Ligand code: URA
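One chain follows as structure tokens, the form predicted on its own.
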């Protein structure tokens, strides 16, 4: 979604705020379908600001700024805009999910923090490989870890059918067979494959943090909320 930079020509404003092209916006103006602050306006070059009230066919139009959300993903949903076989995380958001992109996907059976926005640059700042944005997970394993596994994670290890080893990752025990792992990459099924390379099977996987953003523990699975300004700025810094 475009970010509004005011003042702005009226025809440009209509092009951003509606589905009209600039030419169709000019036609609407000539047809006296547009009012600004309750006055019919025909001039495409009129300068409007964020404080002006623009109406098209008696309905207010405005440029919606970028939106940023966190969602608590439940199991059984896929991180995709559409899917023929499975429900998607956008289905959980209804109307709010329109035109959103996903910053870092989770497997269908993985739960936890998903970030979404219609700000493409912000999304890229999180998922760009060069940034090595840390993602933190809590994993339930089929057995305990030992110092050797922790060491392999910290040094980077080679996954099956790959040549380049993973970046160093942090692995810490939590309780019993539960561990916390932080990685700076996003390879296919990476956490599960890293443990598989060490002889361990991941029974449950839950993402708790992306960059500086931590999953809000007040969100039940399937719930979501807008990010705070501090979260938005911190994630992209």
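Because the structure is predicted, anything quoted here is derived from the model rather than measured. Residue numbers count along the first chain shown, from 1.
The same protein has a further form, the form predicted together with the named molecule, not shown here; the description that follows concerns it.
A.B. asks: Given that the named molecule is not shown alongside this chain, does residue 106 nevertheless sit within 4.5 Å of it in the predicted bound form, heavy atom to heavy atom?
C.D. replies: Yes, contact at 4.5 Å.
A.B. asks: Heavy atom to heavy atom, is residue 177 within 4.5 Å of the named molecule in the predicted bound form?
C.D. replies: Looking in the predicted bound form, residue contacts with the named molecule do not include residue 177, since no heavy atom lies within 4.5 Å.
A.B. asks: Is there a non-hydrogen atom of residue 27 within 4.5 angstroms of a non-hydrogen atom of the named molecule in the predicted bound form?
C.D. replies: Although the named molecule is absent here, residue 27 would stay clear of it in the predicted bound form, with no heavy atoms inside 4.5 Å.
A.B. asks: Is the gap between residue 117 and the named molecule in the predicted bound form 4.5 Å or less for some heavy atom pair?
C.D. replies: Heavy-atom contact with the named molecule at 4.5 Å: absent for residue 117.
A.B. asks: Going by heavy atoms within 4.5 Å, which of 55-63, 208-216, 32-40, 183-191 lines up against the named molecule in the predicted bound form?
C.D. replies: Result for this chain: 183-191.
A.B. asks: Scan 161-181 and note down the residues that get a heavy atom within 4.5 Å of the named molecule in the predicted bound form; none is a fine answer too.
C.D. replies: Sequence-ordered list is empty.
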